[in-house]
Every structure is written in C-alpha cells, then in structure tokens.
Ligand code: NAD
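Here you get one chain, nothing else, as structure tokens; it is the form predicted on its own.
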C-alpha cells in the first residue's frame, strides 16, 4: 500500500481520494475548504498542502486551473521543497499544456517525476472509480502509478510526453462541446416542429446522427433518467468549466497554428448561454436552454 497526499477535494477530487482510502492506501488530504477535508472517509486531514506533501510516496492534485497548479507546486509556499526525491506526482487537473510542462521540468530537477493526468467521466466516474485518464509523462512513471490509476479509473491511456495528457483532454472536451451544442440544436428543432424529444432521440441514436450525448447524456429534460437534464441541470460538469476548457483549446490551437472553427463556435455558444441564462454553475448540457423555448 502507498502513502498518498491528495490536494483538491471538490466534486472530482473528493471521491477520488475516498476511493484510494477505501482501497487500503494511507491517504492524507487537504483543501482550502475544511468541510471537504472532513468529508473524505478513511483519509486523515492535513493542516496544509505542505503537510499533505511531506513523507508520501505519491502526491496527487486536482485543481481548477493552471495558475492554481503552478502556485501549489512552485509558488512562495509551494510544495515542491516538501516532496522527497523519488516521489511520484500525479496532477489530475485540466490545465494548459505549457504549465504542465513547466511544473514537470521544475520537479524533475528535484528528482520528482510528474504525470499530467486529466480525466474524463464526470462526477459519476469519480464516485464509481470508472474515470478515463489521459496521461502525459514518462512511461516508467505511469507504470509506478498504474495501480493507483486503476483504483480511480477504468481506462488509462498514455498520450505521450509531458503535457500530452492535457492536449488529449482539450481535444476531447472541444469535441464534446461541439457534439453537445449540435445535439441540443437538433433536439430543439425537432421539438419545435412537433416531435417528441424521446422519440426523436431514439431515432437519431439508431441513425447516423447517433453520438455520446444522445446515448449517455441527453440534454433534453425527461428523456433519460439519472442525467443532469433530468434534475434541473444540477451537478455534473459545470458550464463554467466547459468554457474554461474551450479557452484552453483555443490557446492550444493558437500556439500550433491550427484552424478550429467549430471549436471556436462552440465556445461562443457556451459563453452566450452562460451569460444569457446565468448558467455558469449548471451542467454544460443546460445549453439546451439556449435553443429551446420552453425549458
């Protein structure tokens, strides 16, 4: 069993840390919100991020943005100096590739391997231990951490060198945003022309328009049970986070000179939805409200 420090205990990090503790690992947790620390069953609370990073085999972080990750590791009170040489760092945040590479290079100078390992699967995947991990960094470091990834997730992909996990994540989420916006648009068109959304969804599921949003995460209320659209778009993956990830995709495209017209359009649509419908704290499937007249 491993000694693990875990910082960042929100909707994703909290369940991930709890799953590691339930698997028998010795887990120390820290978050700026004390209630979140106390909520992780089986783990011990640390008084600071530095304490969580001290004396561990593996240190895991799950934070909102690149500035938080850089601050955690390299800031004035950063944990880098508290990580012993040989510690494995796994950052599961979704951030820009450049920051992931910068932090990894700084830690490597201290003899610490870092993996950037953003996730897909949402809160249900975090709770059920069925996340998909997109991992960038040394293959040997991934093998060291594989047993922990397998506790937290069902699929682990090595995308490439440092930063590659973040690139894979922004590509995935850009495509997800495009698919969700298109699915909501098509459903609204059908409903406004007299179709039942459940019937239309089934037709498209079995036809060439079928996609993950229709099959697993339908944005129209009442079509599927257990998804955000059927609970007032509460929980799930927040619109604000999708807008953030689309911003990362635009930054990545600008750096590499890629054309991303559909990604850019999706970003504009989600920004318009978030502003017009005050939907930043709702699940991203609430973009259905941007198109639909009666939701």
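Numbering follows the first chain given and starts at 1. Quick caveat: nothing in here was measured; it's all calculated off a predicted structure.
Same protein, other form: the form predicted together with the named molecule, not shown, and the subject of what follows.
Asker: Candidate spot 100, 104 and 165, all three in 4.5 Å heavy atom range of the named molecule in the model of the complex?
Answerer: No, none of 100, 104 and 165 comes within 4.5 Å of the named molecule in the model of the complex.
Asker: Among the candidate residues 266, 40, 62, 228, which is the single one with a non-hydrogen atom no more than 4.5 Å from the named molecule in the model of the complex?
Answerer: Checking each option against the named molecule in the model of the complex, the one that comes within 4.5 Å is 62.
Asker: From the list 87, 183, 201, 93, which entry has a heavy atom within 4.5 Å of the named molecule in the model of the complex?
Answerer: The residue in contact is 93.
Asker: Looking at 219 to 227, 187 to 195, 115 to 123, 147 to 155, which one sits within 4.5 Å of the named molecule in the model of the complex if you count heavy atoms only?
Answerer: This holds for exactly one stretch, 115 to 123.
Asker: Taking 4.5 angstroms as the cut-off for heavy atoms, does residue 13 touch the named molecule in the model of the complex?
Answerer: Yes.
Asker: Is residue 255 one of the residues lying within 4.5 Å of the named molecule in the model of the complex, judged by heavy atom distances?
Answerer: Close contact is absent here: in the model of the complex, residue 255 is far from the named molecule, nothing within 4.5 Å, heavy atoms only.
Asker: Quick check on residue 233: any heavy atom within 4.5 Å of the named molecule in the model of the complex?
Answerer: Contact check for residue 233: no, nothing within 4.5 Å of the named molecule in the model of the complex.
Asker: May I ask you to check whether residue 36 falls inside a 4.5 Å heavy atom distance of the named molecule in the model of the complex?
Answerer: So residue 36 counts as contacting the named molecule.
Asker: In sequence order, which positions of 28 to 54 have a non-hydrogen atom within 4.5 Å of the named molecule in the model of the complex?
Answerer: Those in contact are 30, 31, 32, 33, 36.
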